[in-house]
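As structure tokens, one chain now follows by itself in the form predicted alone.
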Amino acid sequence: MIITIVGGGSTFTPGIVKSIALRREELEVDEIRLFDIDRERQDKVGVVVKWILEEDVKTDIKLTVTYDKEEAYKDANFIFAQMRVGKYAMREQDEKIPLRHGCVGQETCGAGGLAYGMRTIFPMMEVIDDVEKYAAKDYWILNYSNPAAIVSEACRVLRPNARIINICDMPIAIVDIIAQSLDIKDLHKIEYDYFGLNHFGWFTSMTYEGRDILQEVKDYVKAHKMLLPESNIEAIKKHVETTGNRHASSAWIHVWESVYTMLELFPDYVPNTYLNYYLLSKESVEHSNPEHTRANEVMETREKTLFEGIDHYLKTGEISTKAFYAGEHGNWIADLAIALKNDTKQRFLVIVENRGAIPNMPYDAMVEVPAYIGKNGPEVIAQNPIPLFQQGLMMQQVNCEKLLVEGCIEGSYQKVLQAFALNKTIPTSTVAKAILDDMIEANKEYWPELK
């Protein structure tokens, strides 16, 4: 059993590897391979991964750190894809360019997400082609490269037969926050229904050991004016950095407060926090600093902590466990691989072609819905027709993403402009054009030429 991690130089790699190693018996994994085009980053992250396997978990899983495609994918069974094309330098541009024009600056939503998507489409196709060439015939690609909605639409259009499952950990991160807020010890016992698109959906029901807790969640948010555990709220008030879930930090405070505002306006369902960028875009911009965005915060915290920790270890032999983040991100990805390998039919949220799962959405829309995961992939759980409000929002976003993918493939400036103009975070077509033109200049090393 061989697992290859594409984007091996990511700060999330150590935590993911630890999750894999702790589930060795279920995964029966013999070898983990790290593959990245940034040799310097991957070599450093490889140091931490080696320590985790040999000293922390104490396993004999073989570690291979490679920069060669054939070596990376040869006979691999699972490929975990977590690419960040352009790294944090380009994420910074994704966030700051829209903010200069008074629009949401976020890496996966709005204009920033569209820009990031255009950088990622063709590199993802290259990964799929290389995996097809070298990997085991029954391979599975578990892709959580952002922006997952755009990447999954591109995969549907360009590589419809690829054995790829596009996923996102944000819903499980929200469930984790809910579990902590309601003092529920085992979030895996929380069952929920959900529909939407990636970073654009709603929890419609939620139970814990048979108890309906969706109303409890709403009541908690109403009482606290945000969705965060009380311990995190108190820490933030005291300007103390929170630990554990990376989303439960002061940098995310406005996002968690927005859940209260969205529920006050639209109380039927509990929203995915990313909806605040679409439903409360003006407020999001007002709470943003155009000169210092989330990209800067991540570079100053998670990135800095990891690579300083590695340098310290190389000099002294001492390693801080703060040098990596494990948590639900890595656990959830490992759980998904186990479900596929062992045919467990465990329930997950996945991004799939609709094909009637949501009756009043297009057949070929890439939707995020629950599915049972077994050896043959997702068995999607059919949903009821969704309300007009949610359907209208989703249709606008689906068509925006479809136009972007078509424009990227065809090299069509007009279609990409239409995608920017259709995005709900951008107020007018002239602003859409201004942002797009700035984005073309910033992304000239990564985007196809648009004519």
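This one's a predicted model, so the numbers in the text were calculated from it and none came from an experiment. Each residue number is its position in the shown sequence, starting from 1.
We do not show the form predicted in complex with a small molecule, though everything after this point is about it.
Colleague: Which one, 422-430, 60-68, 37-45, 398-406, holds residues whose non-hydrogen atoms are within 4.5 Å of the small molecule in the predicted complex?
Modeller: In the other structure, the partner sits against 37-45.
Colleague: Is there a heavy atom of residue 9 lying 4.5 Å or less from a heavy atom of the small molecule in the predicted complex?
Modeller: Residue 9 belongs to the contact set for the small molecule.
Colleague: May I ask you to check whether residue 168 falls inside a 4.5 Å heavy atom distance of the small molecule in the predicted complex?
Modeller: Heavy-atom contact with the small molecule at 4.5 Å: present for residue 168.
Colleague: Do residue 107 and the small molecule come within 4.5 Å of each other in the predicted complex, heavy atoms counted?
Modeller: Flag for residue 107 set to yes.
Colleague: Tell me, yes or no, whether residue 293 is in contact with the small molecule in the predicted complex, where a contact means a heavy atom of each within 4.5 Å.
Modeller: Residue 293 lies outside the contact set for the small molecule.
Colleague: Tell me, which of 93, 145, 181, 77 has a heavy atom within 4.5 angstroms of the small molecule in the predicted complex?
Modeller: Result of the distance check: 145.
Colleague: With the small molecule left out of view, which of 134, 372, 260, 88 would have a heavy atom within 4.5 Å of it in the predicted complex?
Modeller: Going through each option in turn, the one that passes is 88.
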